[in-house]
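Before any questions on binding or motion, here is one chain by itself as structure tokens, the form predicted on its own.
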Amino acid sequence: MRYLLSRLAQGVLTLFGVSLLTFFLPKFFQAPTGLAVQVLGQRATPHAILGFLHEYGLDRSLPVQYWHWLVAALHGNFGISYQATATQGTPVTVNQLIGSNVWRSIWLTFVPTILSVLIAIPIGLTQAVRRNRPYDHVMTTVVYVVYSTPAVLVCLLLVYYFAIQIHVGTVSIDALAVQISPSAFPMWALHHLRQFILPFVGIIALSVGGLTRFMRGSALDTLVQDHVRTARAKGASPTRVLFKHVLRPSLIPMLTIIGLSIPSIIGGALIVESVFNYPGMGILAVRATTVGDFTVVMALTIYTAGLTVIGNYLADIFTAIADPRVRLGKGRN
């Protein structure tokens, strides 16, 4: 409990530091009057600009602005998107933009991430058991080739050879497929699954290489431990040694990787979204950064930092459950 409480305190301090940087850095790039003109237009009168600044608290001192922003952020309110408000003519909140994109990114990345882990664990474990044998060399070569290939090239090759040449999957994801309705999700998923085959394969190809190498290295470290040698000396079968004495300790480092994957699951895969024309969180972040919509960028930064902290904390909890040394206070850094 002491270990988990200390990790929780570190996470809270990290989020506080991120919030400071997130709030104050954009102030150096755009003045409040610039935001007012961005929303109201170039013909906005000085009176209208002053009214806008007063309405959203931009005429106050920076510490006061930060305090009000922090309190609102803790309640899940990140203000309005200035660019979207200027485009649509009515106030559009940051939560509306994120809410309309986050489920798309979760659907796009969650399933491939789970499949990548399920594929990487047996491959990496088998490579470790058959170290320096033909199987290990072949899989290492394949993994390195896939892992070192640029993401955009992987996606383009999938589109060209599968979608265009043999008509498996689609070149892009149409507008109907991005309208995810949680209430009708099962039927929606089955109806539009063909359009997501290639994006899924692309994300798996980009993820499974690193996970496989990580699992192989972890399993190799476990195979030389004393408890594995003792189990073999006592006559335990290779299958029992592998699944009881090697697999569980080898999965402990993988828990950290899985925990750190949570932000990418929520944030989406930028390259895949771009190639397949899929509006998700990755595209939202790029567009917000390009047009200088800093309230959206600030919210996405806080969300990403929060998810990273949560992912690390969950990994710490699972590690403490799986590794007795952590519970006894011997596994702390």
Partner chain sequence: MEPSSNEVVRDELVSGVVASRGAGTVAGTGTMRQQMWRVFRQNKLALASLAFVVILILGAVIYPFFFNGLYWKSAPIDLANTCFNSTAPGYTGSAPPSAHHWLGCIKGYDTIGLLFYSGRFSLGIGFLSAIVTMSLGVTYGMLSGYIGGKLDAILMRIVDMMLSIPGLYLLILTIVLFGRSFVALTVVIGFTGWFGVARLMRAETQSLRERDYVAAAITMGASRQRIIYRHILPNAMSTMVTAGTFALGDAILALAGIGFLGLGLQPPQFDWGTLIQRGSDVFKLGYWWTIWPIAALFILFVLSTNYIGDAMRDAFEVRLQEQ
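Under this definition, the rigid core comprises the largest set of C-alpha atoms superposing within 1.5 Å between the forms. What you see is a predicted model; the values in this text were computed from it and never measured. Numbering follows the first chain given and starts at 1.
The next section is about a form of this same protein that is not shown, the form predicted in complex with its partner chain.
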Heavy atoms within 4.5 Å of its partner chain in the model of the complex: which stretch in 214 to 222, 120 to 128, 192 to 200, 73 to 81 meets that? 214 to 222
Hey, in the model of the complex, does V64 get a heavy atom within 4.5 angstroms of its partner chain? no
Wondering, does A31 line up within 4.5 Å of its partner chain in the model of the complex on heavy atoms? no
Using heavy atoms and a 4.5 Å limit, would one call V92 a contact residue for its partner chain in the model of the complex? no
Close approach of Y278 to its partner chain in the model of the complex, 4.5 Å, heavy atom: no
Which one, L206, L97, L108, I173, lies within 4.5 Å of its partner chain in the model of the complex by heavy atoms? L206
Within 4.5 Å of its partner chain in the model of the complex: residues from 151 to 166 (heavy atom criterion): A151, V152, L153, L156, L157, V159, Y160, Y161, I164
Superposing on the rigid core, is the Cα displacement of T301 between this form and the one not shown 2 Å or more? yes
Using a rigid core superposition, assess whether V111 undergoes a CA shift of 2 Å or more between this form and the one not shown. no
